[in-house]
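Next comes just one chain, in structure tokens: the form predicted on its own.
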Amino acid sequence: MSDKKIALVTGANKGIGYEIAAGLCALGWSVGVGAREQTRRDAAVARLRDAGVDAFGVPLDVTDDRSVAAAADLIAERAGRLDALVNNAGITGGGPQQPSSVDPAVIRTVVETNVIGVIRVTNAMLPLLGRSASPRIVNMSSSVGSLARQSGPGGETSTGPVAVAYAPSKSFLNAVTLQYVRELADTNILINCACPGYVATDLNGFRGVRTPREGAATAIRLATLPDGGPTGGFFEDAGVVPW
């Protein structure tokens, strides 16, 4: 078993996920680039390797049980353990998402990826994380998932447009994260949520004001927390995000 730290980043073929993978690679980690689409996944791995870092492709559809199980097997065979899991894969579901008119199927699709997909991947990877001396789980959330920010003064502008599929999926993810924290309280796994800010990616038509590299910074910090670091928190670059 290698002494090099091993990470898996889902949805890592582009955007914030790619920059999380690149940032961990730059710290000397070996990083699995999890993604569904082979061409984009292979291109991302090649780009990382061209920079002289240790990256490998992980075929991964977070909505498919067999795909996730195969990803866990691949990492087990390659490294024997996992030191950090970054659940970054996510979708918005498109728009508009007015609660009075949305197709319920849109909500199901978004929750399947943004919430159930995280549970599916996390559960598959927990045995590998259990073999790490300092395991970390980072769930990529969003300020739009903060109930405090949505309901507080200026929430209608600070948390974006009404989005009854996407925003509640991130609130749901936050709640799920806390349930993992409670269940795994007697282990050494640190589990936190990260808010990347309003990042320019294809999810928002590249309207964001932050770069993917800036959006990746908090997740990288949480994936590399020292022993005794925080767990059960929701963080952005400026500090703690209210739930």
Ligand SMILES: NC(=O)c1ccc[n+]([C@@H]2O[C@H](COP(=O)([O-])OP(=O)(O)OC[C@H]3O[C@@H](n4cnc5c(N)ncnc54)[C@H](OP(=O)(O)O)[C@@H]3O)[C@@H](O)[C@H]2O)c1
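Quick note: we count residues from 1 along the sequence shown, nothing fancier. Model, not experiment: these values are computed from the prediction.
Although not depicted, the form predicted together with the ligand is the subject of the following passage.
- For the three marked residues, A89, M140 and N204, a heavy atom of each sits within 4.5 Å of the ligand in the predicted complex.
- Remark: of stretches 47 to 55, 184 to 192, 22 to 30, 61 to 69, the one touching the ligand in the predicted complex is 61 to 69 (heavy atom within 4.5 Å).
- The closest heavy atom approach of Y180 to the ligand in the predicted complex falls outside 4.5 Å.
- In the predicted complex, the ligand stays beyond 4.5 Å of every heavy atom belonging to S134.
- In the predicted complex, the ligand sits beyond 4.5 Å of every heavy atom of G233.
- Among residues of the shown chain, V199 is one whose heavy atoms approach the ligand to within 4.5 Å in the predicted complex.
- Taking the ligand as positioned in the predicted complex, the only residue of 92 to 129 that brings a heavy atom within 4.5 Å of it is T113.
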